[in-house]
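This document starts with one chain, in the form predicted alone, laid out as structure tokens.
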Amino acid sequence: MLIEMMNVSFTYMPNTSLEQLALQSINLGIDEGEFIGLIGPTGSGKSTLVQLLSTLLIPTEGKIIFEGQEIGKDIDPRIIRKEVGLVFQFPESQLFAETVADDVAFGPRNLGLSEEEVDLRVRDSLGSVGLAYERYADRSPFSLSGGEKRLVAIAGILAMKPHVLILDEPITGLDYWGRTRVLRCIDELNRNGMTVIIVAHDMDEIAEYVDRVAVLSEGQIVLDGRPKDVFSQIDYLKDIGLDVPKTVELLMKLRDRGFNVTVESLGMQPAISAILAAVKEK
């Protein structure tokens, strides 16, 4: 197992009048190469959990194991920050350099790498997110579209060569084409071996990509499994303040009305194909 959270709890400002329990008794195992969607209503603890995974926060209770070593005991948290890359929500707001290449190069340069190695990482990282070096390197990041800015921000994290990529609401605020471009990029990174964790409030467009969904509510993991199994619990998810993907809701309603459809794949095209096949059977 790549990462394991064992009975992890976290409290903000403990032993003060503002003490707030954010996470309670979290047990979560993450295998190498997984693509996980982490969802939950606002205030459920999603952002706290990923900050713990990236060691920006340290558990109040419990322990986190990375490749068999306990963080903070067997391995320094600073090492984990190089292994686990966290892309914050609206990461494009953190872009600051005059050119795309300089922005992506910021992290590797801070590692003290040679300019030759920095240049190689910039080229590789931009290529990994589908941005051609020759076309984008000398452009101002502020002249790019919303989706392109987000891809540059992701490239900046990839230039640090992390083992795990965590993205907090990676498609928020983007138009359809921007969302599609970013999600396809992330999916390709996972297909090439990157372990990916995506934080989301709802899974309408993400559900078809992930292998597994973990649901947080009031600081606890309440569901964890394959997307089709998690999203089949429509009433429960709605009770805790979440919506299910529209494709799932439609297929479930058709099945309840006697149509022979299965909720196997959550993408739009598979759903259309399943509906057309079911209608022909009728």
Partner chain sequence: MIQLNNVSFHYGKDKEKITALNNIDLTINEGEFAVILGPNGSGKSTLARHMNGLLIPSQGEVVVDGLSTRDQDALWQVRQKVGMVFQNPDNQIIATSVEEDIAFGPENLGLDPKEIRKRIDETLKIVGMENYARHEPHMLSGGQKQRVAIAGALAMRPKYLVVDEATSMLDPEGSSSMLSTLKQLNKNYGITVVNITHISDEVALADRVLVLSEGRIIKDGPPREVFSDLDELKAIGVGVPKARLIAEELIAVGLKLPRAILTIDELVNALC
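Each form is matched to the other, and the largest set of C-alpha atoms that superpose within 1.5 Å is called the rigid core. Positions refer to the first chain, counted from 1. Bear in mind that the values here come from a model prediction, so they are computed numbers and not experimental data.
Not pictured, yet referred to below: the form predicted in complex with its partner chain.
Answer with one of D175, E98, D76, E188: the residue that has a non-hydrogen atom within 4.5 Å of its partner chain in the model of the complex.
If I apply the 4.5 Å criterion carefully, the residue I get is D175.
So which stretch, 62-70, 209-217, 22-30, 247-255, is the one near its partner chain in the model of the complex (non-hydrogen atoms, 4.5 Å)?
Contact-bearing stretch, as computed: 247-255.
Within 4.5 Å of its partner chain in the model of the complex: all of I36, V118 and R121, by heavy atom?
The answer is no: none of the three residues contacts the partner (heavy atom, 4.5 Å cut-off).
Hey, in the model of the complex, does F106 get a heavy atom within 4.5 angstroms of its partner chain?
No.
Though only this chain appears here, would I275 touch its partner chain in the model of the complex if you measure heavy atom gaps against 4.5 Å?
Heavy-atom contact with its partner chain at 4.5 Å: present for I275.
Whether G225 contacts its partner chain in the model of the complex should be assessed with a 4.5 Å heavy atom distance threshold; does it?
No - in the model of the complex, heavy atoms of G225 and its partner chain never come within 4.5 Å of each other.
Is there any non-hydrogen atom of V279 lying within 4.5 Å of its partner chain in the model of the complex?
V279: contacts its partner chain in the model of the complex.
Scan 13-29 and write down, in order along the chain, each residue with a heavy atom lying within 4.5 Å of its partner chain in the model of the complex.
Residues within 4.5 Å: M13, L18, Q20.
Is K246 one of the residues whose C-alpha moves 2 Å or more between this form and the one not shown after the core fit?
After core superposition, the displacement of the K246 C-alpha between this form and the one not shown stays below 2 Å, so no.
Is K63 among the residues whose Cα moves by 2 Å or more between this form and the one not shown after superposition of the rigid core?
No: K63 shifts by under 2 Å between this form and the one not shown.
So, does L189 move by 2 Å or more at the CA between this form and the one not shown, with the core held fixed?
No, L189 moves less than 2 Å.
Regarding R150 and N192, go with closer or farther for their CA spacing in the model of the complex versus this form, the difference being 3 Å or more.
Result: farther.
Pin down for me whether the L144-N192 Cα distance shrinks or grows in the model of the complex relative to this form (closer or farther, change of 3 Å or more).
Residues separate in the model of the complex, at least 3 Å farther apart.
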